[in-house]
Structure formats: structure tokens, C-alpha cells
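Quick heads-up: it's one chain on its own, the form predicted alone, in C-alpha cells.
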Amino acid sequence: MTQILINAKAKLRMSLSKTVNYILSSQRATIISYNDKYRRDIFDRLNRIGKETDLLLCPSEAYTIFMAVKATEKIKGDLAEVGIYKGGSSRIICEAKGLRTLHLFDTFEGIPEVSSIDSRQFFAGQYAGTFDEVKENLKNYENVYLYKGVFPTTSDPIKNKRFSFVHFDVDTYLSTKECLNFFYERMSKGGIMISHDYNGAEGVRRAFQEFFTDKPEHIIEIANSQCMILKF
């Protein structure tokens, strides 16, 4: 009888698993499970950040940023993020960067400009965080610098620096193009660039595809909305 019950429970779990996977696949979604202790600990840290800040990233996107920052520990250069909103993704970078220097850029007035190339879900003034809110969210981390204004007009303090990791979450064609034009030549060999909204925002996707047409690097599409560039 015990064996029959065990077999019945196993079949029920399998049936439920198939049903859930069918529903998720019909919605073009998936569940990612990390069961080892090291990755569980990371997800616990990321979940805490998500609860304490307005984090506009899904768990797998947050995990990708964290691990990319960790992967560049041996690469020379500072870190940067353009488009920080309320500082949620900035906190993720801070959790992984150690004592490396992080430069953060935002208008703190939302998206500055939207063109006809961009997806209709974006509009000028959207995603406006405040300078004080971000400063408060990052108060426990060292070597973090905030710059207010439209990038790259605020880039003068970092124009002579090299970078091991940069993250873009700027939503639009023009802003993405400006970020690529500025950071590409300043990336150290082996450095990583990650952008949000590559999948789902026409302007972001077009900016990347145009920029890397004559470059040796490949655009690596990641699950959900991100893409990654590994600098040669």
C-alpha cells in the first residue's frame, strides 16, 4: 500500500509539472530553479533588494547582472550604470562589486526623449526616480558616485577611465546609441556590457544591431529582455 501511495504521488507531481510547463510555454514563460546553497544565498540577497526597492527586473535578470559583475572581478576598470531609476539594479551591482568604483548616471527626471523608432510603451518623463531616494538606497556601499543629467553630457569625470562592467537601462534608441558610442572604446578586454530591453524595445535592439554591424563582438541574447556583449 505504501508503494502504491508513493507511486500515485509521483504521478501526480509529474502531471502537475507537465500542466504547469504547458501553461508557461503557452505564455512563452519559464521557471528557473537554483537549488544549490551558493545560488540560493544569492537569490535571497536579490529578493531582499527587490522587497526594499522598486526593482524593475525579473529574478533571472537580476541574477545575470550579479554574476556578470562577479565574473569581471579580475578585469581592470571601474563599473558604470546608465539609467538607474530608484537604485535597485545599482544595489545588485554593489552587492557583487567588492571595493571597485561604481559610477551611476541618471536624469532623475525620467526618460529624456522618445523618438518614432522607440516602442510605444515608453514616454518622456517615465521612470523618474529621485536623487535623494537613490542616495538613501545606496548609503551602505563604498566607492559609489552619482551623476545627475542627460548622459553623456555628464560623462566628463569618467572620460579617461577604463571599465570592466557597464549596465544600460535607458529604454530608447538615442540613449542606447549614446551609451554604446561612449563606453565601447573604454571597455577593457574581457569586460562585459549588459543592456535591459534588448528584447521588447525596438529602439534598443536597433541601436545595438547598428552599432555592432562592423564590430568583432557578437550580441548575446539572454533570457527575458537582456543582451550581453563580451569585449574582445
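Numbering starts at 1 and runs along the sequence shown. As the structure is a prediction and not an experimental result, all values here were calculated from the model.
Keep in mind the form predicted together with a small molecule is missing from the figure; the text below concerns it.
Checking 70-78, 138-146, 107-115, 94-102 against the small molecule in the predicted complex, the stretch whose residues place heavy atoms within 4.5 Å of it is 107-115.
Residue Leu57 is the only one of Leu180, Leu57, Ile49, Met187 with a heavy atom lying within 4.5 Å of the small molecule in the predicted complex.
For the three marked residues, Ser89, Tyr127 and Val170, a heavy atom of each sits within 4.5 Å of the small molecule in the predicted complex.
Of the heavy atoms in Ser175, some are within 4.5 Å of the small molecule in the predicted complex.
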